[in-house]
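There is one chain below, alone, in structure tokens, taken in the form predicted on its own.
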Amino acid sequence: MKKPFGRLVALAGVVAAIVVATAAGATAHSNKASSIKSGGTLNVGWEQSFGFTDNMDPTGEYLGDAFGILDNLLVRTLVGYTHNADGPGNAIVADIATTVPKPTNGGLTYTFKIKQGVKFSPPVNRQVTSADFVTALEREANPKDGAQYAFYYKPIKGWDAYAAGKAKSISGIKTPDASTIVFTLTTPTGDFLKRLAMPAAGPMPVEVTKCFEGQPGKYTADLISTAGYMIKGIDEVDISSCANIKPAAGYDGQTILDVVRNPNYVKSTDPTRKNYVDEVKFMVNASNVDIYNKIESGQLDMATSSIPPAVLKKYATSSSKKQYFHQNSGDRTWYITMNLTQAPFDDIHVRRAMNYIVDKDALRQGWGGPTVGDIANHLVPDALFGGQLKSYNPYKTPGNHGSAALAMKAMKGSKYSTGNSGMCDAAACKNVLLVSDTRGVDPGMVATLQQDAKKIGITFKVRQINGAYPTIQTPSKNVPISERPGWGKDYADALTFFLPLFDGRTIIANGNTNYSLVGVTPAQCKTLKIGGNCTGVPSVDTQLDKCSVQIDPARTTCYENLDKYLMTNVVPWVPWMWSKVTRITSSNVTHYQFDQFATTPAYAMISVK
């Protein structure tokens, strides 16, 4: 995002500029059993670049679209998901574990038994054991291995000591035997099972991962699978010594990811994945127009790509094409991020004014209008709150077009507004660095933001970067504002928005997802080489700790109140759209299914002719 994306969000069916009034629901070419047959190749186009945050290494990868690949095709976990849409797709089920355990010891202990018959793909070719989960989690705890969501596992006893190099093992993870693993936590954590369902917690063989210690993102080219597929050519890799290991032929990190059936996979051990196709190819293509031409002609079957306006209109409105047009809830927010340490956004009056001035509807129109999403009025998608904040809109403007009058009123009192003029007229308001990506939607978004901000005296110096996430994820880059971010849930709990995005304790030197630097301290600024104003940056760490230990309904209420507090007392973002996930498939696809956990196609559940 993963997401990932909370997970980072890539372009998954968004558009350049058109309004399509007809919204289509989730569809499939056919759900009849007779149309679902095994075999064939699923060909997936990918616009511009994969955009992975850690080259798809499960330890550090945080892009939502990568989660979909890992979770469906390559990585199994102790517990997982059904790879379905909507509520059922967010329900936890046993995967490598024999059952979903209930916590004991006052909610502090979880004991898992591992199924027999779950093996690593070639060239490892052995049964998965409890020690392999320890290997994965030790990689996640080790800062040198590139983990981007290690904070989810901090409740495990001894996690911090191991991460700091003060212990040789994580004391809260025990393996009494090869088929048993026991987790002991320091505090009850109501969503711990969902945390263990994330790809980083899937088993990893130490005989391979030891060769990539301290090399973030390098393990992926030789990722050893436990699911129905493996990277093509991994069976030809020599793992007899680290010196002999070469990247598998099926993944180059730049242009292609090719996965084929894992011969060691035993379907009877996997309660959810169907694994219909024999092969899945993900291929990078710089042209979204060419991608969708190939989908229509049957050369490709679907895509992770922006959708050209004419293509979106054709598939959303044509009766003959609608069967190939699929939409599902994205559980994600697109937003403008503002850095609380960088002028002029170190002033809350300026951040509030930005929320009033931005024409959210114009931004949405640039992506396709109401068809592609709903206007976002606060941080977390309403679905994760059960609709309880549906009427909450602290920066409401007529038609969601922004309001200069309301923005100027909010600006009064700012240290950057001379004489309470309502304009940001200090030098710090001119030529403010705005980091943009190079997607098809970005030029229009930047133009809208420039036009809107100018009404309150702010001008931008735009820097376009092909794949902007690594830049805005590096706090030392001191990026004041960016239109790039989107965030999708990591799993169906509001914590997955708040913890990675607003906890000051999660801020890291690279791969940081708290772009606004909420809760950053002067000491952190010094260590991370962050310039700007690091004094008095607001923190919500205490509120986060209060919410995280609660269970519903108090848990949801706590997060609802935190959303409101952030929107009015901190104001880190301009949230502008809660997006839907739109995918277009070719006539070769005989069954399409959506994975609500990953908010991507459920690749293991899709069939082709």
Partner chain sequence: MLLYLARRLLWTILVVLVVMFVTFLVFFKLPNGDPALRFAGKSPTTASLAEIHKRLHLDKPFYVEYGYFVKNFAVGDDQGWPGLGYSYGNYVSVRSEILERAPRTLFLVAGAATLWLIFGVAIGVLSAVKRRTWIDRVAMGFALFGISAPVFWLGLMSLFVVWKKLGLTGGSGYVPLSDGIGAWFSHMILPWTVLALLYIAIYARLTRNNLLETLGEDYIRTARAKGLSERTVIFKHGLRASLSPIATIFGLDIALLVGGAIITESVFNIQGLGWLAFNGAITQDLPSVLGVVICTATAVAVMNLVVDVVYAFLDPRVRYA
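The structure presented is a predicted model; accordingly, all values stated were derived computationally and were not measured. Positions refer to the first chain, counted from 1.
Quick note: we don't show the form predicted together with the partner chain, though the next part is all about it.
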Contact flag, residue 333 vs the partner chain in the model of the complex, heavy atom cut 4.5 Å: no
Taking 4.5 angstroms as the cut-off for heavy atoms, does residue 409 touch the partner chain in the model of the complex? no
Find out whether any non-hydrogen atom of residue 296 is located within 4.5 angstroms of the partner chain in the model of the complex, and reply yes or no. yes
Against the partner chain in the model of the complex, would residue 488 count as a contact residue? Criterion: heavy atoms within 4.5 Å. yes
Give a yes or no on whether each residue among 86, 580 and 595 has a heavy atom within 4.5 Å of the partner chain in the model of the complex. no
If the cut-off is 4.5 angstroms on heavy atoms, which of these, 428, 446, 237, 284, is the one near the partner chain in the model of the complex? 284
Name the residue from 146, 519, 366, 202 that puts a heavy atom within 4.5 Å of the partner chain in the model of the complex. 146
Determine which one of 398-406, 254-262, 379-387, 202-210 lies within 4.5 Å of the partner chain in the model of the complex, judging by heavy atom distances; exactly one does. 254-262
Check each residue of 506-523 against the partner chain in the model of the complex and list those with a heavy atom within 4.5 Å, in sequence order. 508, 510, 511, 513
